[in-house]
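Okay, here we've got a single chain as structure tokens, the form predicted on its own, with questions on binding and movement later.
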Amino acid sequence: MNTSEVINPDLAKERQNATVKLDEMKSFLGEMIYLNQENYRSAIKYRDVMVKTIKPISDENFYNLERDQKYQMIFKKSLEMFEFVNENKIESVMSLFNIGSVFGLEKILFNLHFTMFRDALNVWGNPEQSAYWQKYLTENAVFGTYVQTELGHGTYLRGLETTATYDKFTQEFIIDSPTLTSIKFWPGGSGKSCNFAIVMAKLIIDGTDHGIHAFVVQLRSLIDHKVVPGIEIGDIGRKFGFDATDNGYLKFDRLRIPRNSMLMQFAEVSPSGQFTRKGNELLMYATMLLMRGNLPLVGAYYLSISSTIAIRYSCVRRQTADSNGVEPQIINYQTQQIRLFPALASAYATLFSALNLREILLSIQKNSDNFKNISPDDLAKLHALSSGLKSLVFSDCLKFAQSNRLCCGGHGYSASSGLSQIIQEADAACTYEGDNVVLLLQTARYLLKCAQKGISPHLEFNNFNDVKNSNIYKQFSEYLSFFHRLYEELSNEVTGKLFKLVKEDRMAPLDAWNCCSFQLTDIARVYIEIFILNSNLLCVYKNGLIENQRALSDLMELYILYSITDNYSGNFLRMNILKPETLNQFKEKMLDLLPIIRKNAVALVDSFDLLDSNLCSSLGAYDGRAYERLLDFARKSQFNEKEVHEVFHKYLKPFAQRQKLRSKL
């Protein structure tokens, strides 16, 4: 349904009254997302061509389809996307924001092929292997996935139980699932779609365990797509979400693969079975960090979508007549604003911090010759930062996606709202690539090591001295000092407690760590908050247009005040950093910001430059014609295809006849 020619008058008025310069804000965000203006313009050009070449799922009645129909549609469009990329010789189109213009919140089925599978071949394979596989992938319709998680273990690599036992007589590895818990479970695209995989397994030679290594394993025939003998493969069944994705299980039964199937850039097994480590093994882990390092951008994308939907709909929806009989827009209610605007502020804060992390990752990648010369200190820093930021981003994303759903009332519960899909995606992201709590503890471990060495874990950004001399920094410096003080107090408290438990109470270090784990997650959160605040300061400072910089600084202040009063107030009070009356003042200040932000709320979500096909939402479409779209979605339900459902003939009609017969007796 195309209703974009007629804009809801309330939404049109919001755009007309905004002070934010929309085109300039779009350009500012686009340049940061795509690294420069040239990339941004190119990406938008290809995006516009792509949505004309590949029909977006928002135009396909996707959320009224059954699971198998969804799978087939996404499979077809994934292949069309693959061909589009090859024909246009482009890589930037694979950006999440561009893929989403066709797929909405759904995942391209071969996402792991373009990321972990190809990266593993290029980085973990030696030069001969990388060259071989690059040629093989070009000549064949190979689509790969990455297989690590098992029924019993996930991100804990050393706990994996799948084995790769070397047979020196045949010069083959025997891939096996020796236990129930060793069966691979959850890999995306492995149930029905992919024909190859990178399988992480424990290398065994002559009974000796040589740790976890990567093996290239063919799963299905390239001719008829049948499963290779020696593997049991299937889809794991229905999940909370991801209906179109075939997450699979794989049980290996002494599957034999050639010796050169082991990727041997960092370790090698000779034909005679001699095991040798080589190269910089840190590179293997640095490559895996690239995946986690990009996840906060995914969270920012989800949060920008849910805020766009909820804010636009809140301008369209009117509720409860005033004394003049006029129903106000629900965005005018303070109780609506206090839920909508912290979510919007978090969307921008998340985006800026995710982009800053990506910049740090790219800088270290460049300075270390594509991670070949990465130092242990840099790797530890990246691991701590990417782990903690991923945890905070998706925790907030899930919280605010649910809040935004509630802000849309009953209509927000419709699949056509686009909000349930975001909740499902954010929910899953709190677990995949590392459970959020476990990741915070990994960040905390790094922070404790820094404390033991007497060094600061906080990053010094490039050109940050210019920021420190600016009025923007002066505006926020006191807030920053509060968080720095909180970090120091919490750090001193937990290190003191750990010392007492281990040295004085003679507790085992692991038990002492467990006794302090809740406090350790607190210091990790505050550490990441400081990174988020500094990242936002840097980005707000970079925006030189006064109207837009003012709008961004208002959002940042709201983000800080909300964090202090809602997320950390207990610790601020407990550590005597802030007094109750100060927190009350901050709460009032936060409420005073709401009507200021309200003026630019629509312009700020429009600045994300999301197409309707990104949103897949009846409530959040650019034209604001929510009610027409809701009714259109209802009419297209497959449940409505027959005027009389078969249950009438099977159950209700016989029941009525029995009732009639009984009434005559």
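No experiment lies behind these values; they were computed from the predicted model shown. Start at 1 with the first residue shown and count on from there.
The protein also exists as the form predicted in complex with another copy of the chain; that form is not presented, and the subsequent description refers to it.
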query	finding
Every residue of F82, L406 and L583 near another copy of the chain in the predicted bound form, heavy atom within 4.5 Å	yes
Non-hydrogen atom contact W186 with another copy of the chain in the predicted bound form at 4.5 angstroms	yes
Non-hydrogen atom contact Y333 with another copy of the chain in the predicted bound form at 4.5 angstroms	yes
Contact label in the predicted bound form: K239 to another copy of the chain, heavy atom within 4.5 Å	yes
Exercise: A380 in contact with another copy of the chain in the predicted bound form, heavy atom 4.5 Å	no
Stretch in contact, per heavy atom within 4.5 angstroms of another copy of the chain in the predicted bound form, of 189 to 197, 120 to 128, 259 to 267, 280 to 288	189 to 197
Heavy atom within 4.5 Å of another copy of the chain in the predicted bound form - residue from Y413, F275, F499, Y132	Y413
Heavy atom within 4.5 Å of another copy of the chain in the predicted bound form - the one residue of L545, I338, L459, I90 that qualifies	I338
Interface residues of 217 to 239 toward another copy of the chain, as seen in the predicted bound form [heavy atoms, 4.5 Å]	L222, I223, D224, H225, K226, V227, E232, G234, D235, I236, G237, R238, K239
